[in-house]
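As structure tokens, the next two blocks hold two forms of the same chain, structure 1 and structure 2.
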Structure 1
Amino acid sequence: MVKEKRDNQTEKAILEAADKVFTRKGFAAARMEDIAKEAGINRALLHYYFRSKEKMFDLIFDQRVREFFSGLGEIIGSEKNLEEKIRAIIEHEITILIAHPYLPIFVLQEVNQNPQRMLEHAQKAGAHPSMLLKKFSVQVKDDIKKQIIRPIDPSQLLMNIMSMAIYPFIAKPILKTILETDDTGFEVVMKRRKKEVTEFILQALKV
């Protein structure tokens, strides 16, 4: 009650700054001083709002993990047919990653650092990651039997879809060099990529 009297724009500014610094540098390389500077305040005020670096990081990390996996469960769980789902996943993933290019490298680096935390997070959210694949597999095998698509291992297909959507954002600095382009040029390539990858996958699945 006491806290919400005035506007909470500073708290927002801090969280935004923490997000920026953590997602760009990762937990270990991120400095509280960086976050304070980014938020336009000082270190003392950081600790006034959030007790510790770990506390702040947990907040940010949970948000980012949710965002990283957002949508995927809904799409796979929906009533769409396989082609529609593939289109939706690619569209959804690349759209999110254009808006948050640092998301995958951040989440995956920290998950590699501490795989345990992932599991706890998934359990807490009541999500069973393996259910995703099971649901997807049923539909794929069904379509194979109906000869809508050629025979393929469903988990390999899912890996292919996610790989092509996500990897370019992880390799962004390398790709910018190879493609001889800048941030805006890279974004253009990624927008084109939605259609290119979708076509590529559907073509690869033809009987």
Structure 2
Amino acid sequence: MVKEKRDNQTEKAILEAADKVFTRKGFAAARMEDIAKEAGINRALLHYYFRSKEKMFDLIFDQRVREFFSGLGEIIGSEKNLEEKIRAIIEHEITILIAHPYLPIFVLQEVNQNPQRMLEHAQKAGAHPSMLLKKFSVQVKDDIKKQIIRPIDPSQLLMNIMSMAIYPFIAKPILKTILETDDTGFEVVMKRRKKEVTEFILQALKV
């Protein structure tokens, strides 16, 4: 029992180290040696737990995607009004992507290569994308009917919210060059962007 607990702790430490290395260097540039050093172990022990960085990334990727979709599902399924949901969605998306900036690129790659797997991730998190849109659409249409917001296609609104929050992370390398900033500066910009995107969307919805 003690050995199992120690092994589980070591595996957790390795995955946390791998997450940090993937975040700093990206998947392609990350090396097993980097992960072993970050975890404070030798490479032989690392290989005992994980034969490849692909296996580590799969586990981390699964966890992050579930975290993303489960958080989105909780927000859209909550009793919040539409404005509160918009604010919460933007906060949720940008916060997660600041912590894991590599995620959008790998999500895009995964969608292109294996879209069904992405749907399975979302379903396991209790947040199938089409069901999220249906729930969101009901509330948007209700607010349009009450003239709380201007007429807008709910799917377009959700795409606007998500694209404005997520796209900067996809374009991060070129944006860092344009803005003449480093990773720390980019993070500061994205924290400010939470408010900018929120206010932009809410202003665009005014009657």
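Numbers given to residues start at 1 and step along the sequence of structure 1. What we label the rigid core is the largest C-alpha set whose atoms superpose within 1.5 Å from one form to the other. Keep in mind that what you see is a predicted model, and the values were worked out from it rather than measured.
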- Identity of the form predicted together with another copy of the chain among structures 1 and 2: 1
- Query: Of R64, F136, P101, A39, which one sits right at the hinge of the rigid motion between the two structures?
  - Reply: R64
- Would you pull out the angle in degrees that the smaller rigid body rotates by relative to the larger one between the two structures? 21
- How much does the C-alpha of L15 move between the two structures, in Å, when the core is lined up? 3.5
- Rigid-core-superposed Cα shift at A29 between the two structures, Å: 8.7
